[in-house]
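Presented as structure tokens, the chain that follows is alone, the form predicted on its own.
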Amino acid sequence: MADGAPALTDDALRAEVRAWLAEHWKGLPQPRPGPGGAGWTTTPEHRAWLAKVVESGWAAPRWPTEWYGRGLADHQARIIEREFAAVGAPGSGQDRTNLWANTALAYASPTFKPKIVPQLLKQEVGMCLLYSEPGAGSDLAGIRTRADRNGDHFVVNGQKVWTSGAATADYGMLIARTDWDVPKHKGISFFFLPMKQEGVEVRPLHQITGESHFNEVFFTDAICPAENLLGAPGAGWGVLQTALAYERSVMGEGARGPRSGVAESNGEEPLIALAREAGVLGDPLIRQEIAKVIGYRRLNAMNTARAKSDLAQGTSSSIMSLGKLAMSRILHEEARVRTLILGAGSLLEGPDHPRAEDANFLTLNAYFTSIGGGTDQIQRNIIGERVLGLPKEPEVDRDVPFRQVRGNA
């Protein structure tokens, strides 16, 4: 919808989306797993499709027209998303789910924003998150990776850990300390760091699932152009809160499923299908446990929808922590119920036993959501302090210049 044009009715918008999809959507090949099981790699066909979606304004319909959107209200944007989902077409709803593009749109510099935002929407660049450090995981404000200004660029030195997709990323969303003489939250800046350079070393970490989804990343005089700074120098903590809100929103909405690739059902609830296949669907305990998991999922979906409706561009929402924490519990519960359904058969593993293989993988992989994007304990702190209004935990170093904090001298 062009600026100044009369607003479309819901029915007219729905008809327009359906007509566009009928003309353009022909299906796509399945994405391929990335190196070490990390994420997915897109195909040229997938990127070509996303380019069409972006150019049409369907990718981020809530955004203004000058930024590839249509300036639509949330309820109309969801009409578009539902029509895309009905035919299995990807690419719409990125104004809710694309944490990279949403963060860049809100905070990137006037020169960098026009370069990076369309690339992010079209998935033309790979991304990773450069937040946690060996001594700064639960307390991200304690980071020691430093970025020192040198003319038109920053020089970055330090280390990050638990970084997904670092081996293939073109950019990393980096938090680094740029001022050591102010309290820890105030001396942090936020960057889009180019990853493919000599000063960046990536080392994979081996997981309990047999994959290498995470990495250690080391910076030795890595260069980041000054225009890649998001927000003002020293204001990176606020940028980070926006990025984390989008990340927790995505993690709270869905998670990785079984990896065996063996079909479980024909549209039936997977746990019900598994119990039917195992011959235990009539067991009242099994039925009760399945119902509990389904109830958790549906309640979480409603809470996540509520939280996203309150998430304005460039802001953060503490309610997102509820969804993220709930999804963590759902994944652990679902893995437990799968194991309960299979009984002693869950002790088997390998490609000859795909049901047990999936149950064991999901049991181990559930910890990904319990840790990634802020641990379950961190989410409980956020909910307690910012949602319930409980007193904050003591922080003796909160107002101390970071240089004077013990261990930083």
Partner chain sequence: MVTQGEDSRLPVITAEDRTALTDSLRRLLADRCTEADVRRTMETQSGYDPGLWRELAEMGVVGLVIEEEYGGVGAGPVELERVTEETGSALLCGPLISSGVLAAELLRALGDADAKSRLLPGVADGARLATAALTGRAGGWTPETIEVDAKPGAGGGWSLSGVASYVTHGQIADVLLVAAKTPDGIAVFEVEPSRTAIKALPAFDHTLRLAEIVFDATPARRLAGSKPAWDAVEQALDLARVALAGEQAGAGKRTLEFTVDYAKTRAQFGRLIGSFQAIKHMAANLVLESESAISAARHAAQALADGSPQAAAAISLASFACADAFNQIAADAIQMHGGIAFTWAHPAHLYLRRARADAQLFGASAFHRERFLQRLGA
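Just so we're on the same page, rigid core means the largest C-alpha set that superposes within 1.5 Å between forms. Computed from a predicted model, the values in this text were never measured in an experiment. Numbering follows the first chain given and starts at 1.
Just so it is clear, the following notes concern the form predicted in complex with its partner chain, a form of the same protein that is not shown.
| field | Candidate spot Phe214, Ser346 and Ala359, all three touching its partner chain in the model of the complex (heavy atom, 4.5 Å) | value | Spot residues vs its partner chain: full contact, yes.
| field | Candidate from Gly88, Gly151, Pro110, Gly210 lying within 4.5 Å of its partner chain in the model of the complex - any heavy atom | value | So the residue touching its partner chain in the model of the complex, by this definition, is Gly210.
| request: Spell out, yes or no, whether the shortest heavy atom distance between Asp376 and its partner chain in the model of the complex is within 4.5 Å. | output: Within the cut-off, so yes.
| request: Indicate whether Arg47 is a 4.5 Å heavy atom neighbour of its partner chain in the model of the complex. | output: No, Arg47 is distant from the partner.
| task | Report yes if any heavy atom of Phe84 sits within 4.5 Å of a heavy atom of its partner chain in the model of the complex; otherwise report no. | result | Judged by the heavy-atom cut-off of 4.5 Å, Phe84 is well away from its partner chain in the model of the complex.
| Heavy atoms within 4.5 Å of its partner chain in the model of the complex: does Ile319 have any? | Contact check for Ile319: yes, within 4.5 Å of its partner chain in the model of the complex.
| query | Okay, which stretch from 172-180, 152-160, 101-109, 131-139 lines its partner chain in the model of the complex, with non-hydrogen atoms inside 4.5 Å? | reply | Of the options given, it is 131-139.
| query | Is any part of 351-366 within 4.5 angstroms of its partner chain in the model of the complex by a non-hydrogen atom, and which residues would that be? | reply | Counting only heavy atoms within 4.5 Å of its partner chain in the model of the complex, the contacting residues of 351-366 are His353, Ala359, Asn360, Thr363, Leu364, Asn365.
| field | Yes/no, Glu289 Cα shift of 2 Å or more between this form and the one not shown with rigid core fixed | value | True for Glu289: a C-alpha shift of 2 Å or more.
| request: Look at Arg355 and decide if its Cα position differs by 2 Å or more between this form and the one not shown after superposing on the rigid core. | output: Passes the 2 Å threshold, so yes.
| query | Against the rigid core, is the Cα displacement of Ala226 between this form and the one not shown at least 2 Å? | reply | No.
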